[in-house]
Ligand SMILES: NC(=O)c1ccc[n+]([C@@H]2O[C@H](COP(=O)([O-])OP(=O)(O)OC[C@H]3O[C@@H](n4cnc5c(N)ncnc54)[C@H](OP(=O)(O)O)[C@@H]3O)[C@@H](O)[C@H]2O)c1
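First, one chain by itself in structure tokens, the form predicted on its own.
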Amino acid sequence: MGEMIEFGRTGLTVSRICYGSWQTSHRFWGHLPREDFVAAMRRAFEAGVNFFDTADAYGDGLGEEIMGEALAPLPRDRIVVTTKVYHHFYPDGHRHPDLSGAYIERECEASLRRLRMDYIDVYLCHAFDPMTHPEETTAAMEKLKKAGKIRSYGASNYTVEQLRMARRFGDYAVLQPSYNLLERGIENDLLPYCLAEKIAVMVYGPLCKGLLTGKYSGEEKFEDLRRNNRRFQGEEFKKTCEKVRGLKPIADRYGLTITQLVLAATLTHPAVHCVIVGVKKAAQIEEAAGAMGKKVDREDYFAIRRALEG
């Protein structure tokens, strides 16, 4: 396997690169070939990745179904799967937040069926539900854990105060926040809190929707969710692409691609256990897996940050 790490207090051992399946969501990324995702997930395991992230909301269950198909031939005791609950979705496509105890229990069973699994390793609240008391949410999580349906639980997209409050009612052992070298705000609060409380951290968006891969010139046009994102438009897009491509001399010294350098640098933060890399094709997870075990020294780490700020 690739570079592994003890995942906080969960008792799990995971690869530092996690396969992310948000790209299976049609509403954000368009319709992409199912067989490409299946092939990529299986290639991830061959490349040393044992950690897979999905959510019931990705394609209203489609992401879990594809992951269930892809991982079915693999040894269950050698893979770690994260999924999430929060969006109460309906056949007509509308949805609303719901972390009520009854919905969590019902949706966990639905996720297990779609994943073709008997248990979920890490079950996350996908976002904060202001209309449900965290005591009710936590009671449902604890019930599922005692029943063997989940092994650990946590939260995604919580602020530090939301996480602090939730943890008064139970052991939220995992956090999944957005974080990358362009968007580092959680270094001020969430990451120090998680480090102090020994909470496992798996960050999503480490490549900023592809912006930090070094593969764009700044002239590209997008048909997916990036179409309306200011980071991918006009002069800002061009300038950022130029800064990212400017990292190539550092990447070359380490024998890495820019993508691999950025992932390795992101993993340098002491609070970050894993980075979730969104994948569409097998080649992308192969490249990302190549960042595992690579260390970026302190001088170069801060040089990378300065280059992206400049």
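We number the residues from 1 along the sequence you see. Since this is a predicted model, take the numbers as computed values, not measurements.
Note that the form predicted together with this ligand isn't included here; everything after this is about it.
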query	finding
Selected contact from Q233, N157, T240, S100, since only one has a non-hydrogen atom within 4.5 angstroms of this ligand in the predicted bound form	N157
Contact residue in the predicted bound form, chosen from V277, L267, M41, L256 - any heavy atom within 4.5 Å of this ligand	V277
Y119 within 4.5 Å of this ligand in the predicted bound form, heavy atoms	no
Exercise: Y216 in contact with this ligand in the predicted bound form, heavy atom 4.5 Å	yes
4.5 Å heavy atom contact, V85 and this ligand in the predicted bound form	no
is_contact(Y58, this ligand) in the predicted bound form, heavy atom dist at most 4.5 Å	yes
Non-hydrogen atom within 4.5 Å of this ligand in the predicted bound form for each of T10, E142 and K198	no
In the predicted bound form, segment of 201-209, 166-174, 110-118, 88-96 with a heavy atom within 4.5 Å of this ligand	201-209
Neighbours of this ligand in the predicted bound form among 16-32 [non-hydrogen atom within 4.5 angstroms]	G20, S21, W22, Q23, W29
